[in-house]
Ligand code: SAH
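Just the one chain here, laid out as C-alpha cells, in the form predicted on its own.
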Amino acid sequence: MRLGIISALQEEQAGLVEAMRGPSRLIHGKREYFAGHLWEIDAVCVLSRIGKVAAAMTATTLVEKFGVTHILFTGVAGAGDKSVRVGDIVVAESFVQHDMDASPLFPRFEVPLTGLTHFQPDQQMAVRLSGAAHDFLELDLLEAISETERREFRLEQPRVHRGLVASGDQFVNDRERLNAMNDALPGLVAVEMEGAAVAQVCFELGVPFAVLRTISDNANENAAPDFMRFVKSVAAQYAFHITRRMCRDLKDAPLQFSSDSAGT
C-alpha cells in the first residue's frame, strides 16, 4: 500500500511532512511531492491548490507518477445543511459536481459520456476514516484544540457526518445559492471545491479513496471572517490527528486492495 495524501492549502496539511520519516522531495507539475513514511505507512503528501482541475491533475499524478494505491483528501468545507455546524467533521459518502450542467445534451449534474452524476468513495476507507474521526473527537479533541479556540469557534460537542458532498469551482457564500443546492441535491452535508474531481479521477483509474472535511463555515455571507485562523488552529489539527489515527489503523489492519468505489 502507498497512501497519497492531498490537501488544497498548505495550512490544511500542516505537520504531516514534518512527521514523515525520511522524506524525499520532488517537484513535478509546479507542485512539491514529499514521499516517506507516516507512522510506518508508505505515503506521499502534496498540496493540490484550489479547484477541480488542480485537484484532478494532482490525483492523477499521484497515481501515474508516484504509484499510490490509495488516496486520502483532507481539508475544509462549508456546511451544506443546517444540522451541520462549524467544527463538525464530514466523511463523504458520495460526490457530485454542483456546477456541472451540460443540459440539454445531458441531464444536469451528469458528467458527460460517463452516465454518472454521483461518485462514491471506497467504503472500506470511508468506514476506517469515520472511525478515526470519531476516536479523535472522543479522545484527542481537548488536547489538540486549545480552550481559547474551542470557545472562539464554539466547538461544542462536534459530530461526524456521513453524506453527500458537492464540489464546484466557486466559494459558496450565498444563502440563496445554498438553499437552491439543497433543493436540487437532497442529503447535501457539505460544499467544497475539489472532492468530486478527485472522486472522478479515482473512479476512472480504479483507485480507492476517501475524503475528510472539517466544517469551517456555514457557506453563507459570514463564510469569510476568520477563515484562515480556523484552518490553521482547528482544521489542520483535526487533519493531523485523524490522519495519524488512520495510518496507525492501516498499519495494524491493512486495507484489501480491491476497490468498491463506484458511481451512480
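Because the structure is predicted, anything quoted here is derived from the model rather than measured. In case it trips you up, residue 1 is the first one in the sequence shown, and so on.
Keep in mind that the form predicted together with this ligand is missing from the display, and what follows is about it.
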Interface segment, criterion being heavy atoms within 4.5 Å of this ligand in the model of the complex, picked from 32-40, 63-71, 235-243, 208-216 = 208-216
I50, V191 and E194 each touching this ligand in the model of the complex (heavy atom, 4.5 Å) | yes
is_contact(A92, this ligand) in the model of the complex, heavy atom dist at most 4.5 Å | no
Contact label in the model of the complex: L137 to this ligand, heavy atom within 4.5 Å | no
Could you tell me if L26 has a non-hydrogen atom within 4.5 Å of this ligand in the model of the complex?
-> no
Would A8 count as a contact of this ligand in the model of the complex, using a 4.5 angstroms cut-off between non-hydrogen atoms?
-> yes
Residue (of A126, A132, V172, V84) lying close to this ligand in the model of the complex, criterion heavy atoms within 4.5 Å | V172
Can you name the residues of 61-84 that have a heavy atom within 4.5 Å of this ligand in the model of the complex?
-> V76, A77, G78
